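One chain is shown next in structure tokens, namely the form predicted on its own.
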Amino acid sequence: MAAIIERVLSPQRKRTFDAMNLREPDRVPVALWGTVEGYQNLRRGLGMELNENPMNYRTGSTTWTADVSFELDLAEKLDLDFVRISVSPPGGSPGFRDIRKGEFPFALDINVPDDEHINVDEWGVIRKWTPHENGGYWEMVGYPLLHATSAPLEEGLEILKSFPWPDPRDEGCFHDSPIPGMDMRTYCKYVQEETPFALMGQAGRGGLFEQAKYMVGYAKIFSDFIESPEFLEELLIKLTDLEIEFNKAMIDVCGEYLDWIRMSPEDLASEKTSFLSLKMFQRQLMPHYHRAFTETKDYFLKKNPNGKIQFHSCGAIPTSFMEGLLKGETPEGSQCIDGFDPVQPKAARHSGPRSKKIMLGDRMFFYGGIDVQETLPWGSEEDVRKEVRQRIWELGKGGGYLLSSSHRLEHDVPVENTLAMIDEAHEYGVYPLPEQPPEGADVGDDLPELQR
């Protein structure tokens, strides 16, 4: 692997930095992210060695499915530009532990057979294994604070106070990395000093609204905004405290080696519309995001003065939400978020890639954009190439676009389609980009309300 000599930026790192700083690089930077099974599928298809047991891969904090850091040999083989690293869950990866039916700390609202494979994560969320044809995922079946929101307020707040929250400073969060025998700090230092790749970090579960859903239940949280606002406010304060502390712990360990941090992975919207009204979002969620983003970014900039913050939300997140999030400023005077992912192309057009670029592209970069719901798993190689051209033209003018899948690569994405995505990005994504839009690109001409 090419080392970085005398602090000269590699082409990979330079084009990533240029894109994040809204400058046109030499070409659009590219990277991948995926589930363990998606990653195994890719290595297998490329004829690379792999561990067949998915539980033996180091994953980040537990979610509905497990992310895995793409190892450096794969990044080098595919000529990627940046890689991702997540802290492990407290206690170490993979974070799940088996739990028997009689050990549940709270009652479940569904019946679980005695022989069902059940586990609990670091937050106390209970899941059961749900298989599919090529593997499976952990489906949430038990929410640890489901009943606390319905209790009298003082009782509910006491439950919050005594709850066994995960420890952001647990040594297990940082003791390993994608390279066996190397802890996270040593790994990040190695990537920074001995490889050409830029590096993004993610700490903890993140996600304030998302993790609140996991704690009180997907259905119940929407009524809680109205029926239990005092309890929900205290829960969000606690989750914000934890997100800040998880990020500060990561920054303390390896912040000087991270180029940017991904925070608060959320689902704030369906593909059609937001889950909350603008007024509800502004009143009950946005202050917590501002505190998490500004405190984290201020702390990060002390370790890396050029560091960036990237925010995630699937769905048709409205521009009004994004405008509100951008307005928070750090003590250094910078906006509190700098980038957004995953730019979901299946979201409603008013919140799609082109509208995002028109409305926000002078203030933030975009990450993702290539459809993982249909095009990558089910489309032809030419379908993939066509979409890559569309997305680069829609998002890449003036810089500001980091190309990847619009969510995790899963087991059903053919290796040929992943390779087609990368190859077309390398071919078409060379600057200056073509002036004329490719076939099927959204030029935005019939969206005058989106024009600045």
Partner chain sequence: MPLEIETEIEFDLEDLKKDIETTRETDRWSDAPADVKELFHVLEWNIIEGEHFDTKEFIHEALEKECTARTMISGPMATGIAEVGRRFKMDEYFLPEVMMSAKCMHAALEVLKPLIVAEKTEDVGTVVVGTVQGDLHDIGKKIVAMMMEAAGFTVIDLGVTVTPDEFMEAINEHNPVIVGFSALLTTTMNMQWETLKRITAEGKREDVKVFVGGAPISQSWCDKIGADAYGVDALVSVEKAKACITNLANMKGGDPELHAALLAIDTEREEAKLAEAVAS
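Residue numbers count along the first chain shown, from 1. All figures in this text were calculated on a predicted structure; none of them were measured in a lab.
Just so you know, the form predicted together with its partner chain exists too; it's not on screen, but the next bit is about it.
Engineer: Report whether the minimum heavy atom distance between E76 and its partner chain in the predicted complex is within 4.5 Å.
Structural biologist: E76: no, not in contact with its partner chain in the predicted complex.
Engineer: So in the predicted complex, does I179 come within 4.5 Å of its partner chain, heavy atom to heavy atom?
Structural biologist: Although its partner chain is absent here, I179 would stay clear of it in the predicted complex, with no heavy atoms inside 4.5 Å.
Engineer: In the predicted complex, does W165 come within 4.5 Å of its partner chain, counting heavy atoms only?
Structural biologist: Outside the cut-off, so no.
Engineer: Is H175 near its partner chain? Define near as a heavy atom within 4.5 Å, in the predicted complex.
Structural biologist: Judged by the heavy-atom cut-off of 4.5 Å, H175 is well away from its partner chain in the predicted complex.
Engineer: To test your reading of this chain, name the stretch in 243 to 251, 227 to 235, 83 to 91, 304 to 312 whose heavy atoms come within 4.5 Å of its partner chain in the predicted complex.
Structural biologist: Result of the contact check: 227 to 235.
Engineer: Decide if the three candidate residues S223, F275 and M280 all line its partner chain in the predicted complex, where lining means a heavy atom within 4.5 Å.
Structural biologist: Yes.
Engineer: If the cut-off is 4.5 angstroms on heavy atoms, which of these, W129, Y299, Y190, W378, is the one near its partner chain in the predicted complex?
Structural biologist: Result of the distance check: W378.
Engineer: With the partner left out here, which residues of 14 to 48 have a non-hydrogen atom within 4.5 Å of its partner chain in the predicted complex?
Structural biologist: Counting only heavy atoms within 4.5 Å of its partner chain in the predicted complex, no residue of 14 to 48 makes contact.
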